[in-house]
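Presented below, as structure tokens, is a lone chain in the form predicted on its own.
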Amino acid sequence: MAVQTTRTVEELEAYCARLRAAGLDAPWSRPGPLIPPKPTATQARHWRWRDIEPLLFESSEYLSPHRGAERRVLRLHNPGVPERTVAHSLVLAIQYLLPGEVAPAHRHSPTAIRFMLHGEGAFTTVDGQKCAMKPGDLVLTPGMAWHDHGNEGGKPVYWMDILDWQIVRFLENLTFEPYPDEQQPALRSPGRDIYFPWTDAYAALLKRAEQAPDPFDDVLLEYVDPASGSSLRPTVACYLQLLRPGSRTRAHRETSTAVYRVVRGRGTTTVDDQTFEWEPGDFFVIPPRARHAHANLGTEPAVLFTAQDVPLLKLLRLYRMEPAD
């Protein structure tokens, strides 16, 4: 039952002005619900590798990694996100190094996850652990871990970086610190908690494919911390997904955001009223609560790498998945 008042609109406006002057606000003074719904900034989007690749190669004509411009990267920009990142919660960039180049050592509060895309001779050193990166390898760089990159091969290399920068930024805890030298010493081999070789991950994916298919994902394998069995980080989880020839997954919705890279194969993903026809190297993003389904109607298996903000939503008890057939 509404409370009756004899105050005029003008008196209410004057009262609200006094509230603002005192550093206060009365949300009930405005029409609408107390907690209004907010649409996601992230839009469904598809980036084709054939468009990205020549621009990536051209970037070396404009920048050499050095102090002050430490990383030659191209970030995927979602048109709905003001910060020019791939999604509201995640950043995806492609990093490119020529033979002999070094990306100087530094550290920062956001976590970074590297997934190697192309080339031989690339490495990342994380807190003294030197990780050689071959195509398909994953290297975890936890927040505030010293890290530098290099290319000891004879041809260019590139990989993708996934960061939880947007989440850390929202919490107003972004920090950055350069290392005293260009590179840190490589003191030991990488531990199993930061280095995940493609050979091991892909073999585990094929083993998982021996089980009954998941109706929503066909075959899905999460990278996990070997000690705890939990997601790689509290803010982001990474997966390999196998879509077998002829497979069609059931449409569903999730409250999480998913960013995909096509490792091999061809197929389609329908996100609400859009259908993306993807091929090797492409990227695409699925926003929260969007209806989506995958299909592989070809004769060869398709493999997708995906990063998602599922762990954070689970910690907050906000993660939901529901069929949307």
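Worth saying up front: this structure is predicted, and the values here are computed from it rather than measured. One-based numbering along the sequence shown.
One more form of this protein should be noted, the form predicted together with a small molecule, which is absent from this view; the next part is about it.
Asks: Quick one: from 249, 95, 235, 241, grab the residue that has a heavy atom within 4.5 Å of the small molecule in the model of the complex.
Replies: In short, 95.
Asks: Identify which of 169, 71, 208, 88 has a heavy atom within 4.5 Å of the small molecule in the model of the complex; exactly one of them does.
Replies: It is 71 that has a heavy atom within 4.5 Å of the partner.
Asks: Answer with yes or no whether residue 108 is in contact with the small molecule in the model of the complex, where contact means some heavy atom within 4.5 Å.
Replies: Flag for residue 108 set to yes.
Asks: Although the small molecule is absent from this view, report whether residue 101 comes within 4.5 Å of it in the model of the complex, heavy atoms only.
Replies: No, residue 101 stays farther than 4.5 Å from the small molecule in the model of the complex.
Asks: When the contact criterion is heavy atoms within 4.5 Å, does residue 115 count as touching the small molecule in the model of the complex?
Replies: So residue 115 does not count as contacting the small molecule.
Asks: Does residue 165 reach the small molecule in the model of the complex, with heavy atoms at most 4.5 Å apart?
Replies: Contact check for residue 165: yes, within 4.5 Å of the small molecule in the model of the complex.
Asks: Based on heavy atom distances of 4.5 Å or less, which listed stretch (156 to 164, 250 to 258, 194 to 202, 210 to 218) is in contact with the small molecule in the model of the complex?
Replies: Only one stretch passes the 4.5 Å heavy-atom test: 156 to 164.
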